[in-house]
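Heads up, the chain below is alone and in the form predicted alone; it's given as structure tokens.
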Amino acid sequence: MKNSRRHFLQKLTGTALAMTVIPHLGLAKASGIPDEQPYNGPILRVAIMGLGSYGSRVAEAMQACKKAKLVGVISGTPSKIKDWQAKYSIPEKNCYNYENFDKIKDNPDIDAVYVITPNALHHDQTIRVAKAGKHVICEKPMALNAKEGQEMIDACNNANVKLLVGYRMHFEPHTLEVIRMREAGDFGKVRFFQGLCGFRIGDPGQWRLNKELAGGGSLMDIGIYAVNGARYMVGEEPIWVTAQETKTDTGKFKPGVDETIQFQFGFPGGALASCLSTYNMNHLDKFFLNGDKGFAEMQPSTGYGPIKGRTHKGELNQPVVVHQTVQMEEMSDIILNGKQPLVPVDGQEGLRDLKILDAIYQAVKSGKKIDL
């Protein structure tokens, strides 16, 4: 997992590590979460599947949660399971590997499984978790394509369990403030969105550069932030897409693994989007929204924090939060209490992105504009 996007973004935003260890009291004040009396409501009991760098980040962030608790692990690496057991006081009966985790069906201590494994594994693992009767939180992209995504949704519906996708930005305060301003008409008619997502990827042997595991390249890893961001920033669903691919290193970026893709959207209200996803340029983490009356600019726009932004009205000064802590608190409310978030994080939301990713790859291959 070294030299991954997540490793890079951690270095890019130097306060990220410090933020993950903010005590609960400090988090409450920093995030704007009311510093209330001890929480007495239902708690979502979560097992994390995939104990790599991001799984570790989520586990650390969950230590500050009131409404969600880490209670189990699923991993193919016995030594990692032992380490997590010791660190997080996880009982042996809540520890599983990839061969036997179907047995969580008989474990009443686990409510949900957070799938944090390579992209190609999400489909089968999510369906297995659903068949075991547990709710699923799946990292993005939800699957390799829309067909897989629909099968995951169907499996969860059939099992009567919820399927959520790890869209942490949908709960991030600066992001939500820009969405609030747009909905209030502060920007006027939205005309243009730009999303830039990129870094120079390292280790050529990592799974993110393996077509079989990643399903693609930079677009599947970080380009999805611009795809998803264009939708929630503009507030509409795109109706067409065009795209172009550039590849300068065919040794590192094998067939089917994209190095750089530029893609464009058209929206029903007339807005246009121009986005870049790359594994070959550093310091690209920026969203820009332009309307008749004003603008919003966010940079960093999707890193682990702190997110920074400004609009025509001045700097955005929303609370700085640990994204994964707030995400898991909110997801607990969604699963256990039926809360409806401002921006959806359900399987249908994940499917919308997958349909667009499919269309981008189709546009690259055909050279034509693809209607959505």
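Source: prediction; values computed, not measured. Numbering starts at 1 and runs along the sequence shown.
FYI, the form predicted together with ligand NAD isn't displayed, but the following is about it.
Stretch from 133 to 141, 281 to 289, 268 to 276, 156 to 164 whose residues place a heavy atom within 4.5 Å of ligand NAD in the predicted bound form: Single hit among the candidates: 133 to 141.
Suppose contact means a heavy atom within 4.5 Å; in the predicted bound form, does that hold for all of G55, I116 and H122 with ligand NAD? Every residue of the spot touches ligand NAD in the predicted bound form.
At 4.5 Å between heavy atoms, is L213 in contact with ligand NAD in the predicted bound form? Yes, L213 sits close enough to ligand NAD in the predicted bound form that at least one of its heavy atoms falls within 4.5 Å.
Is F192 near ligand NAD? Define near as a heavy atom within 4.5 Å, in the predicted bound form. F192 lies outside the contact set for ligand NAD.
Taking 4.5 angstroms as the cut-off for heavy atoms, does D221 touch ligand NAD in the predicted bound form? Within the cut-off, so yes.
Answer for L316 alone: is it within 4.5 Å of ligand NAD in the predicted bound form, judged on heavy atom distances? Close contact is absent here: in the predicted bound form, L316 is far from ligand NAD, nothing within 4.5 Å, heavy atoms only.
Heavy atom within 4.5 Å of ligand NAD in the predicted bound form - residue from V320, L51, V343, I334: When ligand NAD is considered in the predicted bound form, the option within 4.5 Å is L51.
Can you list, in sequence order, the residues from 197 to 226 that come within 4.5 Å of ligand NAD in the predicted bound form, counting heavy atoms only? Residues within 4.5 Å: W207, R208, L213, D221, Y225.
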